[in-house]
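Coming up, as structure tokens: structure 1 and structure 2, two forms of one and the same protein chain.
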Structure 1
Amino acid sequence: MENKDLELLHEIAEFESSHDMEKDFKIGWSWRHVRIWPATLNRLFKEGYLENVFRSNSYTGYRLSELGKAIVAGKFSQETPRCEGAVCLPDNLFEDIIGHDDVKELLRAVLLAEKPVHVLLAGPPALAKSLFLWEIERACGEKAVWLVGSATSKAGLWDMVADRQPEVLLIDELDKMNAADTAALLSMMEGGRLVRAKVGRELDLQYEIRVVAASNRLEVLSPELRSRFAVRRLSPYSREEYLTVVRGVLVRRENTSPEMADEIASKLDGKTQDVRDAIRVARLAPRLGVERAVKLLLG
């Protein structure tokens, strides 16, 4: 949460404690009472800090939610995210990702840096590339936009960025992005200037965006696109890393028991380096047993 928002919550809490909410604000207070712009209140509501007690065409009544009160009371003070550069980052960012410590450090630095540094995570399947993008999206909320190169929106990248103005653009499967969007991306990443002509009107935005992207293949990217990124190549997991990742993913995300996770990891050792294979085995093992599931799935 940004410091600015924290200040607003404190102001709201002060307002609530200096009035009799049950008597005078049974349907909640409105923006006029707290003198905070409606759009800001709506955002705080969407983020869960306010409750919407009443809504009509002419009145929207709010009150601090339990989460809002807890934050004002400082219950989450240790978790106050770091707010620098483009975004605020919670301490538990990337908590679900096992290993990859260098990548975590790099991405944190990139997100907190004052000026953009674009990063491309490249490497074979199932190395947590998409997971990194999701985690960033989760942490950045509306400041980030996540998109898949192969499924570009009808409006196109250019219009989407102009409309939503994200601080961080997360592009999965960058190698599959179409030519028009790639051209737009090249210009956005460089000058930070976004000019588009739309129905006879030119929109000129002075704009600095940072891009974190993922791709299986590097060879298909044009040299000028590659050059705009710090390319971070992820190598396949070593045997030891594979065992640790499989154990972690199965226990935390697939509810597999630690014993069964160990059994799956050791039965797959030498057969595959793909975490997705382990997930498939874990899902079939309760019915088939680990050994049989491995045999049927991997031959």
Structure 2
Amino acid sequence: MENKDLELLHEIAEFESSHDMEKDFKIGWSWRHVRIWPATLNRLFKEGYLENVFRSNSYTGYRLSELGKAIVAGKFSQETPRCEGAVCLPDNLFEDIIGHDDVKELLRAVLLAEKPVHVLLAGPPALAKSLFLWEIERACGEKAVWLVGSATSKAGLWDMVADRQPEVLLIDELDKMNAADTAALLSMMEGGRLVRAKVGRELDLQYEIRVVAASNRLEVLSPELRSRFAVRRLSPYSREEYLTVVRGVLVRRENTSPEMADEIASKLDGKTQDVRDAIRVARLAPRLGVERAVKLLLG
């Protein structure tokens, strides 16, 4: 990262710290507020230092991303993320995931490849699968769309992909996806094409996309769907590994103190294997306390 860009991030951080972002800039600040040209902000966004909170024809709202905040705080390398293929990847991608080095190498290669390769992470419910998807979503920003197979809408993949046209599609609980969305997924993965006839809207979209999915069960997936993925089986984390992962994520991503991170990991032990639960607790703990936040969120 150039010194000038680092200075801009510090200016943005100072602006955000001097305002109540949730009250004054709920949909993010614009270039007029920080007096930085839109083209510069767009470049910082593409490099992963900003995130889009809101976008319309007349307004684009930004905030510092976790990577941007970390660089301002001096906690991460200031090197520009590696940009090839579809996305830009920060050097610290997957650093909070213990083990699975072959999977990390594979996913980096998939995300940087010129042509799509699709990966399915399989295994019993565990932190590692969702954490891989979460890390990719964090790194790719608007270029990634996250779907949960058990909760896809009636509009399904067609409208989602057509409207946002992401580079990467992340699907959790692939084994629970409905038949209509599965058919759309097969079409996208095989030929990069979506065709749909609907009253008031016809769609014929030629579009290449990378799919990274997670599934608890492989046996329920059709042979046609499984054949489109490079399948990697993951083992669940042990108790000790889970505590280490949660502590690392909270300290490095959420700026939580090591003591509070240890307390949160301990309180969640046996209740969940989802790192997002730990993040939610960490964000509520300053107001509610760790024990109360865990009880309200997880019962």
Ligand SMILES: Nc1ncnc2c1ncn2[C@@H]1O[C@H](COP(=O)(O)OP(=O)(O)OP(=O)(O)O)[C@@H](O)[C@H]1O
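Rigid core: the largest C-alpha set superposing within 1.5 Å between the two forms. Being a predicted model, the structure only gives us computed values, none of them experimental. For numbering, take structure 1's sequence and count from 1.
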Margin query: If I had to pick the form predicted together with the ligand out of these two, would it be 1 or 2?
Written below: 1
Checklist line | Rigid-core frame, C-alpha of A230, shift of 2 angstroms or more between the two structures | finding: no
Check: Quick one: CA shift at R247 between the two structures, core fit, Å?
Finding: 8.6
